[in-house]
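Okay, here we've got a single chain as structure tokens, the form predicted alone, with questions on binding and movement later.
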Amino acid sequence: MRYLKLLGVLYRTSIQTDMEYRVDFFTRLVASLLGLLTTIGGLSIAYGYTSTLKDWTYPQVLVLVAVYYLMDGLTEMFIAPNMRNVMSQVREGTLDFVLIKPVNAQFLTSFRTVVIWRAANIVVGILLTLYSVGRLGNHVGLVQALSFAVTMAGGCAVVYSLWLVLVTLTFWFVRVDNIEQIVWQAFEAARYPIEIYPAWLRGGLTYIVPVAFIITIPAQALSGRAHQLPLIVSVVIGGFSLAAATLFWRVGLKNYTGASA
């Protein structure tokens, strides 16, 4: 309860600060819609020549794109802003002021702020999800909904873990901006079915930067394409990545010398 109360205070403060820039929400919403139109336009052209793409129908791919926008919005709203703040604090030597507070350092650095206007992508994702599920032609039952929720949680755990590992690397390398861009480019590739990529790239997007567990499996769960084994693997990968990233963070903290070094 103590951490929930603290989270409420932190998020309330962040939202009050962001309310000074309300136009930003509509700007980002328009940008998200334009990006969505570009993606759907390209897919529409491709599906003008075929009914399936690696066994993905057009409505199923729309579900995939919807999941991409949902995950992108959640990342940019909750995870990425906090992680970038930690990177800056390490470079400037101000992380000390976070570490001395009587609260778990990982919790405080991970959930200190929320960028409310980044919810634009979440809004677009929800609307596209409702539209694409309606076009699937099959009823989405309780099992599919629960499978989707569980795999989305697993995907969020993987995204958070990747960011936490990047942040921890700054304890040794200070700047990891180029690595961040590589991760983002891999994430961008997840807006399309992973099966369309060559085997070597598909392996990288599954095991190195596991966007398959972040986007593809939740989309399969919602569209009724997922089997029991991938769902279980998604949960295991999410839990394992979270545990490994947390352990790596603790090792990194032991190597952090602080602003006085």
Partner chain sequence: MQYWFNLYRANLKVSIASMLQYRFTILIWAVWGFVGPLISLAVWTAVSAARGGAIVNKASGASFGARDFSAYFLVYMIFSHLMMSWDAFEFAFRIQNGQLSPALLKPVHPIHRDASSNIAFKLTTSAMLLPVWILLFVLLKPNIHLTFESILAIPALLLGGALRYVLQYSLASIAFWTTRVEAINQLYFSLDSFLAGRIAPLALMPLWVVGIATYSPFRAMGSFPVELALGHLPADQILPGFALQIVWLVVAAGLFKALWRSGIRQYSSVGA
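Positions refer to the first chain, counted from 1. Bear in mind the structure is a predicted one, so any value in this text is a computation, not a measurement.
If you look for the form predicted together with its partner chain, you will not find it shown, but the lines that follow are about it.
- From the list 215 to 223, 43 to 51, 58 to 66, 229 to 237, the contact stretch for its partner chain in the model of the complex under a 4.5 Å heavy atom rule is 43 to 51.
- Only one of I126, A189, L136, L169 lies close to its partner chain in the model of the complex, with a heavy atom inside 4.5 Å, and it is A189.
- Among heavy atoms of D24, some come within 4.5 Å of its partner chain in the model of the complex.
- Proximity of G203 to its partner chain in the model of the complex: non-hydrogen atoms within 4.5 Å are absent; the residue sits far from the partner.
- Within 4.5 Å of any heavy atom of its partner chain in the model of the complex lies no heavy atom of F107.
- Although the partner is absent here, L34 sits close enough that one of its heavy atoms falls within 4.5 Å of its partner chain in the model of the complex.
- Here the marked residues T38, Q185 and I196 all reach its partner chain in the model of the complex, each with a heavy atom within 4.5 angstroms.
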